[in-house]
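In structure tokens, the next block holds one chain alone, the form predicted on its own.
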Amino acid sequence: MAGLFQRALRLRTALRCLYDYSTLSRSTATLSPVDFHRPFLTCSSEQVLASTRKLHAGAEGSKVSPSAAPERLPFCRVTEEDLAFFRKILPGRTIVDPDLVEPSNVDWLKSVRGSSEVLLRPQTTEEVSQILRWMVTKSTERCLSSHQTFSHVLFSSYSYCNSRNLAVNPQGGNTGLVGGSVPVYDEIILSTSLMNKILNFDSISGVLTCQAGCVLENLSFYLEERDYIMPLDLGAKGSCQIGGNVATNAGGLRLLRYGSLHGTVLGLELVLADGQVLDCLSTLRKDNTGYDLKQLFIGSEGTLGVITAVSILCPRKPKSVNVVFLGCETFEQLLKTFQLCKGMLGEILSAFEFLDSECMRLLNTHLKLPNPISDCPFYIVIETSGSDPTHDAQKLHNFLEDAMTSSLVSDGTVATEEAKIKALWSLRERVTEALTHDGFTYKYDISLPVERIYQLVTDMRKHLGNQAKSVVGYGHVGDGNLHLNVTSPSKDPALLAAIEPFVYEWTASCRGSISAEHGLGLKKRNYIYYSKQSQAVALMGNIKAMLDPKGILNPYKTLPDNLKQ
């Protein structure tokens, strides 16, 4: 059986080398990850290219969407020699069983599917370093060997092959929403899931140091036992990992109170593309010696280095937590409630979230979650966190009294017990889940001036008319972050063409950001110029070229296909 597997692998490698050189050029059509989902090609190269043209062009052969996969870059394919090396350093943790690799090839939304055949599961930073060193030091020999074996059908010059490498897709909990956490083609998946150890916790300073694969919810449980909490909280906390959170600069529900990860992350350990370990795992709150290098990697989506450990400043666990669920008749009233809330609740305000009536309809219809108050066009979730229950209750009472007497809110309910608090929060956190039951979802994570947040939802509904099944809006009012979602019964290229670039042009007209907290990934990479000047994007490209000159780290993500100089 082993001999049969080895012969089949050599045959696949040979076919792929032939396929790479005979069909892929900068002038060919975009190849889809779906077409490379299985290693054996049962049709001709011309048929494959024709099918991918149809897939990405959509109905009636319209032009390729900027969010579609670009052409596969000339990276090497995995060989038996590679697998032998990986098995040596990762015994029992080099996964090639297609059924076990498959979940890591598909993103959470099931909208992006890669065709990787290898899943690596390191446990230490040194193992990650060995993996990446192998990628850059051994690839030339492999490529030259393949070239010599098939020289009768390949290009005569081997300088092209000399520059090729094995591409790597770093992956945490795979909860991303922009196609940044899964392979686009056959990149090797490097999972941090087994790097899940808590390395240290300083109960005086509140600094937690842990490996990148620690699940956010597990860290929260660990800290709560020690009277602390994590400074971020996400709906995906049960599966997302802290390394992925940092790599995408995740925002979440507590950003209003505790700020972004750029402020709470004190240090990082990471491995660069050439295998070098960069130890910036400081636990100091103040360190003004030279450039703050860790900031470069927060939000870089695994394109500059693989984060292996994190030190993060954690706040004390509040002794008093209250959650209020309110209804408003207009978005203007909602904004006035936010202003009143900031002024009257002040230091105990920890979250101010909103969802519209369409979100509530989906929660009722698909998840059977009941509305705890009367029906309203808009709903607010407010959380307070403090150290004195009596003081906090009085401030909250005064705020609610003012909000009701001024007719800013029409109905509401307050939760102080943990079970009811979770029930109210679920109405906000499970909107994403409800959307998955409503059909194919087009998701947009937009940052806007607070007063303009919901106008985009209203304008999008008018713009799309009856093309969409649902257009909903929810998000973080406290930091101006709108989650705009459009659903349809199935994937609809015509609908996508109506949404994009309209949504990005609208956002740019308000000097907003096309990505508030989800990142750019695969889907939004080519829209970066709506939020960043060409000089800034060019500098990003220079940084990428310096740290990852062969582009092996999470290719096809974050940066646009054609950088403007």
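A residue's number is simply how far along the shown sequence it sits, counting from 1. Keep in mind it's a predicted model, so treat the numbers as computed, not measured.
There is also a form predicted together with a further copy of the same chain; it is not shown, and the following applies to it.
Within 4.5 Å of a further copy of the same chain in the predicted bound form, a heavy atom is found for none of Leu177, His397 and Thr405.
Taking Leu369, Leu281, Val118, Leu495 one by one, only a single residue has any non-hydrogen atom within 4.5 Å of a further copy of the same chain in the predicted bound form, and it is Leu281.
Residue contact check for Lys544: one or more of its heavy atoms lie within 4.5 Å of a further copy of the same chain in the predicted bound form. In the predicted bound form, none of the heavy atoms of Pro103 sits within 4.5 Å of a heavy atom of a further copy of the same chain. a further copy of the same chain is not drawn, but in the predicted bound form it has no heavy atom within 4.5 Å of Arg77. a further copy of the same chain is not drawn, but in the predicted bound form it has no heavy atom within 4.5 Å of Ile89. Considering a further copy of the same chain in the predicted bound form, the lone stretch of 354-362, 272-280, 182-190, 168-176 in range is 272-280 [heavy atom distance within 4.5 Å]. In the predicted bound form, the residues of 361-394 lying within 4.5 Å of a further copy of the same chain by at least one heavy atom are, in order, Gly386, Ser387, Asp388, His391, Asp392, Gln394.
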